[in-house]
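One chain comes next, on its own, written out as structure tokens in the form predicted on its own.
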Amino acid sequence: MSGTATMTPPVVRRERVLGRDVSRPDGVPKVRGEFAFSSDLWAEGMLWGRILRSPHPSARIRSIDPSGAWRVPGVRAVLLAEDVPGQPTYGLEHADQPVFASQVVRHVGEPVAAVAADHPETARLAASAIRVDYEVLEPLVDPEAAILAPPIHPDGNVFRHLTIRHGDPSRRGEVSVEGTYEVGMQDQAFMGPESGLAIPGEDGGVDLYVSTQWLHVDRSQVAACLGLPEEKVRLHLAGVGGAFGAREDVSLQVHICLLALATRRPVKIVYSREESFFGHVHRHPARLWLRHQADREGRLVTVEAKVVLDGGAYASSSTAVISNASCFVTGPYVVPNALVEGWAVRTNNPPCGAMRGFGAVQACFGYEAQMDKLAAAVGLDPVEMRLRNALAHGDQLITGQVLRGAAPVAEVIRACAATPLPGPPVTDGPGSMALPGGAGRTAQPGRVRRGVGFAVGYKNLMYSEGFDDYSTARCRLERGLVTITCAAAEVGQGFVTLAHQIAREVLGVDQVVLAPAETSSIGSAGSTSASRQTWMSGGAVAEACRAVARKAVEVAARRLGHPGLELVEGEVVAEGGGLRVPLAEAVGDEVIEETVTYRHPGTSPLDPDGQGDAHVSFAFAAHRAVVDVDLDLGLVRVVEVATAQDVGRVLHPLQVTGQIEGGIAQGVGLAVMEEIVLEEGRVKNPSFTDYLIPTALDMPEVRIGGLIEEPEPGAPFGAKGVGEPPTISSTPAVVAAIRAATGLELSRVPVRPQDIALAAVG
């Protein structure tokens, strides 16, 4: 085109993209069953891998005889610990977990060997033919005993012990309540089990297609174990069937790559559901003791707490989880004085790590039970008790950090409490679906009691304590098409939608493509966890698009011979509107590409007294639960959960609603049904037959009483991550409602039928 542009008619202003419900690019294929998950992968000449796992929680390995596996026709590889060419251990934060056990096993399900064969059943038979001679040992399964017990690992039994001292912990209030609480081991229970496909490369490297939450950290661990430079280990995000923290750790990644390199053929592994229970980390079981001191008006004076988390056999993210549990164990309240001790310990139980709301979930169950006890002790309504102590902007946390961002705690409490309650139960007599237990002659209407409970929770957003948290994104503009490249793992949370929205909003274009997430051409986006991707990778995409916009204006000014241009709603315009040219036309055939690494403002480690600006930002939510309880059978029907949540700014209303409903489902599950049952370190219920998760019939009605939009200073578009808060306080709200219906203390979750029925009999 020539350097002179003609006047164009006024253009109708574009609708804003952020804040609207736009279609998910992966929505239609997922609904139709056409979306390719990692378990759907296939390659020509593909072999199948299988892992042999320890049946014992603690044992010495006297010998391993793999000859039986080699005698199975169709077996192509059998690998043991001595076949690992690089570092023999891996780990998310600390490399303490063996690729294969060689001398000892420390938990049920620990990998001992791997085989590759030409059929999955052949691989299973071959793995079972390997003979391992174990000397079975007494397992260490009590986390409190583990603190002082002889070490079961060279690194010791205590992953982390921290103390938080704030104010004068010796101060006493006029009213004191205390309690001891327990949280069971919860599984992430994602629908898609671990799976992946490794393809050996001609350069001696390997391409790994896998469902994960953190491509680049997986690559670092895998490359170290393979003894390869990182550039020869190329990771590609395969379709992820849910995550919730369990895919943050390496599971099959090293094993599948070892098998592919050993056989020089593609190898695929798909865990069975039972194997998945053994193959990933779970939510830390917790034991908490708390004592709250308050004045006669119900204002907190001092909180003391001891928190012990069972990290299982290996470290995973236990150091971060105990930090969160300890930092947040006093709740979203003004606490002038506090003394908190936290331990995360090693046992011979299954390894534990990240799960939605990690650390904050366990803490919230304890502190919200305490707030109800305190409210009763001083004669206050539970909601009023919380309002009197609610944190606000400018208040100080027990770590000494001042809340400088949005902190609408009172607002979420009031909005949730103001949500209308459901009407009285309609039972229609025995067998009504509205009764606990549903159809069939179970609950007697006269023995059903309704209860209402309230809880508030909070958690940090993004990584803390000085962690170098960043995300990298690239924006490429070519002939009007924008391509975004970012290694953020889409695990169902909707980043694939958000990236499109941000690019369209910043550049004013309609054609946007999100390139597949991989490690070869782009830097790390960090993990899809800690409610960080909206802020971190959303920020990276926004900044990369803005960088392209600036360069596009420079290119347009040069091509059009017109200085002083700017980009407005997808058009290059001159001051006063005398020139208006669509962006694609203004830059012509020039390709504009910018890569940006985005970092948050930074944090500091906690000092020996647990003081420091350890966190970037926080999100808050309140929940009110209504339950019906069958006093005779101990059955609970969660009728409704109302909520209000601090969201900063809503970028996609439907996805926010989906995150809230999904988080509440996991909170309800932990309250009344979800627990990995352990007996001397052995998992007793590794299936969805025996490990129960809420179905559509178990889910209550969810009422969103308010999405509190108070933009967060410094956050891209003012938005906060919304995925974790729904899980944090929904559990204690449900249990508070059960307490209200039964009058029982109920200091452990999940609440089991016998906890109610047997207590009522007694």
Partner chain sequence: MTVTVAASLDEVLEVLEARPGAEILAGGTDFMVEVNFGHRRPRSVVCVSRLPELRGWREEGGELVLGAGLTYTEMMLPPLAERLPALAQAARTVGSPQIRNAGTLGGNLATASPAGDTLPVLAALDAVVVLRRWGGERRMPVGEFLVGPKRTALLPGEVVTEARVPVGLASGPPAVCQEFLKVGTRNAMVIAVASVALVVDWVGRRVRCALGSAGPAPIRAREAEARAESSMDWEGRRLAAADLDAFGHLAGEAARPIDDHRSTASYRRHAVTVCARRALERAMAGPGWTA
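Computed from a predicted model, the values in this text were never measured in an experiment. Numbering follows the first chain given and starts at 1.
Unshown form predicted in complex with its partner chain; subsequent notes refer to it.
Using a 4.5 Å cut on heavy atoms, which of N685, T657, T89, S520 is close to its partner chain in the predicted bound form?
If I apply the 4.5 Å criterion carefully, the residue I get is N685.
Tell me, out of P351, G366, P285, P436, which residue has a non-hydrogen atom within 4.5 angstroms of its partner chain in the predicted bound form.
After the contact test, the surviving option is P436.
Kindly indicate whether D26, A77 and V512 are, all three, within 4.5 angstroms of its partner chain in the predicted bound form, using heavy atoms.
Checking in the predicted bound form: none of D26, A77 and V512 is within 4.5 Å of its partner chain.
I'd like to know whether L697 contacts its partner chain in the predicted bound form, with contact meaning heavy atoms within 4.5 angstroms.
Taking the distances in the predicted bound form, the answer for L697 is yes, it comes within 4.5 Å of its partner chain.
Give a yes/no on whether L197 approaches its partner chain to within 4.5 Å in the predicted bound form, heavy atoms considered.
No, L197 sits far enough from its partner chain in the predicted bound form that none of its heavy atoms falls within 4.5 Å.
If we define contact as a non-hydrogen atom of the residue within 4.5 angstroms of the partner, is V636 a contact of its partner chain in the predicted bound form?
Yes, contact at 4.5 Å.
With the cut-off set at 4.5 Å between non-hydrogen atoms, does I693 touch its partner chain in the predicted bound form?
Within the cut-off, so yes.
Only one of 295-303, 665-673, 323-331, 410-418 has heavy atoms within 4.5 Å of its partner chain in the predicted bound form; I'd like to know which.
Every other range fails; the passing one is 665-673.
Stretch 96-131: residues contacting its partner chain in the predicted bound form, 4.5 Å heavy atom cut-off:
The stretch 96-131, when checked against its partner chain in the predicted bound form, contributes E121, R124 at the 4.5 Å heavy-atom cut-off.
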